[in-house]
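Quick heads-up: it's one chain on its own, the form predicted on its own, in structure tokens.
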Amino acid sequence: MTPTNRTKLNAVIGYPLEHSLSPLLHTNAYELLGIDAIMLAFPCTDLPSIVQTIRTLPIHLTAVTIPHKETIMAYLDNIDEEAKEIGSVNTIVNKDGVLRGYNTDVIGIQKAFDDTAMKDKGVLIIGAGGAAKAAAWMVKKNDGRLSYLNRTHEKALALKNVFGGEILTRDEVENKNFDIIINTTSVGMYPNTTETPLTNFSFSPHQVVFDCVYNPRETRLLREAKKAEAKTISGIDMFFEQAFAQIHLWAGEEVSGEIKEKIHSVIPSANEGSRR
């Protein structure tokens, strides 16, 4: 679809954005759905300026990624109640100049765990940013038992104060047997594919290990978990579903299974993109 002066502009904001696959996914989806729109990457560190740009151009749908999912909330006109509870926004819909924030990360995470029961399961969340908040909200909603591992104790404490659970040191994590492990950090993401958030960790066959990183689709964390015969879930499931939910929020269009399959086929399978 060739852009015209009627084509609507959408964006993904964050920093850095060199490897973002959101423009590729969204723009292909718009074409398949018959929506006259494109998505572009807007790398930014100055939130007041980018919010003014969203209002002025206007940018109709904005996907928000690292490191702005929490700090962007202060600049929006209103925020969906669920996103307020989570404390993180990854989606902005601009309706006649009014900016409303949503969280579709939680939809993506829930979809990734469709076949996994969480009630009374011990769940370790690695990281304490916006994606960690969405994961913690989802685990609490499904009656899981939360533990946190993060480099900064204060950020982990902020999670605990909202969602409950316990904060563990790296040594304590090594000696504890979790049912579910969720990595919400960017450790292991392309191009740093030799890294893992859990070094020298002994996985078990009964465990479910989910990595929010989707490029590569099988991170070092997942490869090591798979060697121990644990069930692994790639972040690609979360990436697609949160994006389809964004499109529905903005355009009111449900993405059919057939269109989802077509979009899957145009997204690089590994090492060509890295961030939502």
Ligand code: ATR
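Residues carry their position along the shown sequence, with the first being 1. Keep in mind it's a predicted model, so treat the numbers as computed, not measured.
A second form of this protein, the form predicted together with this ligand, is not displayed here; the remarks below concern that form.
S.K.: Only one of Q110, N94, S147, T185 gets a heavy atom within 4.5 Å of this ligand in the model of the complex. Which one?
M.R.: Among Q110, N94, S147, T185, a heavy atom within 4.5 Å of this ligand in the model of the complex occurs only for T185.
S.K.: So which of T169, N177, T194, T152 gets a non-hydrogen atom within 4.5 Å of this ligand in the model of the complex?
M.R.: Spelling it out, the residue with a heavy atom inside the cut-off is T152.
S.K.: Go through 64-72, 247-255, 22-30, 213-221 and give me the stretch that gets within 4.5 Å of this ligand in the model of the complex, heavy atoms only.
M.R.: Of the options, only 64-72 has residues within 4.5 Å of the partner.
S.K.: Does this ligand get within 4.5 angstroms of any non-hydrogen atom of A128 in the model of the complex?
M.R.: Residue-level check for A128: yes, a contact with this ligand.
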